[in-house]
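Subsequent text provides structure tokens for two forms of one protein chain, presented individually as structure 1 and structure 2.
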Structure 1
Amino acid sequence: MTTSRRVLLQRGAAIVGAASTGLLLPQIARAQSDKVRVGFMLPYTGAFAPLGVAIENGFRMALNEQGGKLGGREVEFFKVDDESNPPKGVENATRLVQRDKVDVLVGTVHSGVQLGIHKVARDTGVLNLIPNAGVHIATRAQCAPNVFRTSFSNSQPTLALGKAMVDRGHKRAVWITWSYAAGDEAFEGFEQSYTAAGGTILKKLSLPFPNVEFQALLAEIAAAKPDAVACFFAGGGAPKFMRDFAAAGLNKNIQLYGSGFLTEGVLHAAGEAAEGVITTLHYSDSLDTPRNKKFRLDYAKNFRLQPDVYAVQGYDTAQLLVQGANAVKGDLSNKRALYAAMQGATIDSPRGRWTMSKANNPIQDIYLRRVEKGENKVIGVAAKAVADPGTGCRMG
């Protein structure tokens, strides 16, 4: 036997011996758990599928800008398609936490599904980063120290809408939306801001999510003869609503307004029907800042797609996690320090810098935008530093 072969055999025997006595196992175990386990619970099918994809793209891009690491540790991803299906919310979130043992659960888009994730986050203590769903209780009544939102609360964009409408002389409006938490809570912000500015809501119309049979409701709008219509629709339903509104001829005499999701990621699909639509949102494609321009260019190069607000939110979710993980040098079990770093973070976002409220929701400017030549053009800041009225969450 050659010397080198004998050395190899001896080494092999030593490794087998070490493994059988358990000496090597901690090392193997550590090598596996060395990676931070990040779970995406997002819609990859259904009306909100493009929103889920944009969030994941944005998240991966921000992480790649940090060499793909969190506090020096590699990252391993797990994915669940939540289908924007609320009854499966708890089951899907539990799968990521129990089966995949994720350290961080990133999700989701739909407010009804978020309620399921929220229950699991509160029950298990898993770190949950909300990259979209604006459901109020997550950062109000049931606010939790392990839950951070990087997007908005459902009433934040519409709290800035009412005054902008009245300022344009549109004082009699009909409201229309999907009847679930996101639409109902967007209405709360609209009702508050519109009536405070002197506007009158003539009618409140709704249909179940994700229904897009708008005809009967458009007839009701025509009969009410309002100055304006304000709405919350998003994803696949949004361009359908704008096209049907225009096809019914309503855009000739009635100005269409919306929570800005109406015109995010869908301008191509909506075509001419979106021109002139006015919305309020915490982002706009046309923000003329070096930060936004670089982000847009990098995203287009990486994914051959134009980014939208959802991509920005995904990007900021990873930015927040990077700040937290760096502060604890990758030791995500140091929860007190991790949460404190994330609570105190300032995020240098394509939307503009923002900070966390005491209830872990962004304090941010809301822009007034108008669709011009297939782009969301900023025409002003509708409201500065809008904070959701949460009172803060305590460590358990």
Structure 2
Amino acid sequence: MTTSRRVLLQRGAAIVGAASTGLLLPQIARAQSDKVRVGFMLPYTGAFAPLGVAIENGFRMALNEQGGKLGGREVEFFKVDDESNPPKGVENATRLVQRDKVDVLVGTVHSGVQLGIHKVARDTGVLNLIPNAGVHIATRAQCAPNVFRTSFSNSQPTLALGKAMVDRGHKRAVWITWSYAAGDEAFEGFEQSYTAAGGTILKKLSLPFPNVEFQALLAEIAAAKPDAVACFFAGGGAPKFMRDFAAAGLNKNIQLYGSGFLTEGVLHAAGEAAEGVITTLHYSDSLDTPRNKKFRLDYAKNFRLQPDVYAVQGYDTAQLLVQGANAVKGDLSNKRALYAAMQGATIDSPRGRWTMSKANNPIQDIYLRRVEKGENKVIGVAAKAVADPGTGCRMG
């Protein structure tokens, strides 16, 4: 991304409506404008800024394919930089709902920030579309009819990982991650799928987030002599872990697996250390389908950037909203019909067709991917139609 484009996007994130004060307004009072008001609450600065940009780009591209309209109505956009800062989650979401009176709130990336958005969505009834954050509670114990996720739950990729490992002869494994919610939730999926397939977890290792001093834990892995290591790391820590794993010589005899975010967007930083690493995820750049090829070409033409899983999730977020808005002819105040249409939608996605679970989380194929020559190559489908269990979800 060019510096000028980044500056432009960051400046754009600051252009929002005039400030106001007062109590939170009921959602019913918002549908007075001729335009549908869509609020983006995404990271536009900091480490997650490229993810926020990709999500917004994908969303806008899908909407542009519909003539820029939702159910025949023009769309007005509002933007808030969430800064990936959980303590500001409620405040920033409230700004979009109360001050800008958005009909739809699209956000966010960081699960901690999502918890703030989730509180506001449940309190006010505003339609919230989650384009990334995989925190379980949003579509489990605190599920809500006005909250839809278009990405994944944190345990979905690893729910497909265990059997794939055992099928490849790797029956004794060590798990390693950071000590935080996303790591714990990813372990849930791995533990369930791996033990059900007959695998044995020798050790569960962790270190504080975002610590990247892996040497002591790598020594424990070497001493345990597992067939494989499975992990959840993302962002800057992911390539550091792969480099340290290789530097310790562990990649010569121990196969490294991970939730797909281990290798997503960091292959250049990981370099040779990533070669041969196997991951599971609901998308891969290399998916050899006409739908994915067209999406990638169109995205590159529109933004002069290569799309990633975050762009796909943003694109699918708009596709879901388009189906709902078209079903109610743009009358988003007709909540019952709107939500029913979104729950019943089939999304023709670059990742492959997917549907919505009763807890409003995608039911989707999870792909098995191996890093080959600096690319995540699809080598199979790890599991078809994987659904998060939606534990504790009671819609009402």
Ligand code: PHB
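Basically, rigid core = biggest C-alpha set you can superpose within 1.5 Å across the two forms. Sequence positions of structure 1, starting at 1, serve as the residue numbers. What you are looking at is a predicted structure, and each value in this text was computed from that prediction instead of being measured.
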query	finding
Of the two forms shown alone, the one predicted on its own	2
Leu305: Cα shift of 2 Å or greater between the two structures (core-aligned)	no
Asp100: Cα shift of 2 Å or greater between the two structures (core-aligned)	no
Core-aligned C-alpha movement of Arg243 between the two structures reaching 2 Å	yes
